[in-house]
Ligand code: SAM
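Given next, in C-alpha cells, is a single chain: the form predicted alone.
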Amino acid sequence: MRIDNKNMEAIPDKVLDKALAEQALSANEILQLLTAEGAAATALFQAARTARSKYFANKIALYGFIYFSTHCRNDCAFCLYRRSNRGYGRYRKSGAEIVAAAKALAASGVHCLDLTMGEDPYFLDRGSEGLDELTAIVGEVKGQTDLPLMISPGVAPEQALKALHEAGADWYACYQETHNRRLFAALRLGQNYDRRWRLKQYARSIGMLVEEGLLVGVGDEAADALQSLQAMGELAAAQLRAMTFAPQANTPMAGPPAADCRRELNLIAVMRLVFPWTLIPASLDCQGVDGLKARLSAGANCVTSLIPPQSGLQGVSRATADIDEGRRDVASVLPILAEMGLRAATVGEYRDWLTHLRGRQAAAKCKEAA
C-alpha cells in the first residue's frame, strides 16, 4: 500500500470527534492519526485519554512479569534469546522459584501475572511430560495467588493451550509482531505465520482472552500498522501491545537504538481510539519508568513488565535494566500514577474488566458464526 503524505500534518477535528463517537474511521483517517506530529500528536493523545476514561476512568492495571525460561528453539532475527546466540547465558527457573516470584508480585499489588518463556524445548518438545509440568506450574501459581494469569509459551499444541486454560490461565499472549507476511518472514525466521495466527483464534474459541503485539521500528511503515489494526479487529484481541524495537547484541538486527518512540506512542493512541474498550500496555521493557508517563499520556492503561528485584528474572528488550535497582516494581510506579491523576485499579475492578472483555469476545464470536 502506498501512502499519500499530502495533508498528513494536521488532523481535522472531525476525525477525532468521529473516533470519540466510536464511528469507524477510513484507512486515510487512520493513517493521518498514525503519522501525526507536533500539535496534531498532542491532540491525538488528548483524545486517546478521553477515550480511555470512558471505559476505565482513571484506573490503571499492573502486571507482574515472570520470564521463567530464556531457552528458546526459535532463531528470531530481533531477539536476544534466539537459539543461535550462544554467547548469552540462559536460565530456567524451577517451579518453586516461579511460585515464589508470583507470590512476591501478588503481595506487591499487581492485578495479573504474566508467565512468559521462550519456546523452551524442555517444555514443548518432550511430549506430554513437558507440557504436564508446565500445566502443573500454572495451576500452582493460580492456587497460590488466585490472580488472573497470562501465559506466553509461544507456539504450543492446541491441547496444551486447553490444559493451561483449565489450569487457570485467563490470557494467551502470542505476538505476530507484524501482519506484513514478508516482514514476518524476515523477523521470525523459519516460522509459520498461519499456524501462529490460528493458535490465537483457537485460544479465543475456548474462552481465553488474547493479547496481540507489534514491534515498531523493524522496517515497518504506517501502512503496516494500518494492516495490523485491521487484523487485531478481526482477531477481537482483548489486549493490544506496541513496543519500539531495541536492537540486541549478537543478532542480525544489532545496531544503534531508535532515536525516539514517537511512532509507538502514536500507535498506542490510535489503538485506544479504534478499540477504546481494550487493555493497552505501557511496557517498562522499552524505556523503564522514565518512559512510563509518555505511554500513559498516549492512552495506555496497563503497566507491564513489573519485575521483583534480586529475583534473577530478566526482561525482554531491556533484559536487566532497572530490575535489581528496584525501579521496575509497583512502589516505583504508584507515585507516577498519582502525579498524573491516575490510580492503580483494584483486583476486583480488573476482574470486572475481564468479564466485560469476555462478553465482547463472545459477541464477536456469535457475529462471526451468524
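Here the structure is a predicted model, which means the values were calculated and not measured. The first residue of the shown sequence is 1; numbering continues from there.
Keep in mind that the form predicted in complex with S-adenosylmethionine is missing from the display, and what follows is about it.
S-adenosylmethionine in the predicted bound form comes within 4.5 Å of a heavy atom belonging to Q248. Although the partner is absent here, F123 lies well away from S-adenosylmethionine in the predicted bound form, with no heavy atom inside 4.5 Å. E177 belongs to the set of residues with a heavy atom inside 4.5 Å of S-adenosylmethionine in the predicted bound form. Although the partner is absent here, H111 lies well away from S-adenosylmethionine in the predicted bound form, with no heavy atom inside 4.5 Å. The contact with S-adenosylmethionine in the predicted bound form, taken as any heavy atom within 4.5 Å, belongs to R196 out of R204, R196, R263, K93. Among the residues V316, A51, A36, A61, the one placing a heavy atom within 4.5 Å of S-adenosylmethionine in the predicted bound form is V316. Heavy atoms within 4.5 Å of S-adenosylmethionine in the predicted bound form map, among the stretches 137 to 145, 99 to 107, 151 to 159, 227 to 235, onto 151 to 159 alone. Scanning 99 to 136 for heavy atoms within 4.5 Å of S-adenosylmethionine in the predicted bound form gives T116, M117, G118, E119 in sequence order.
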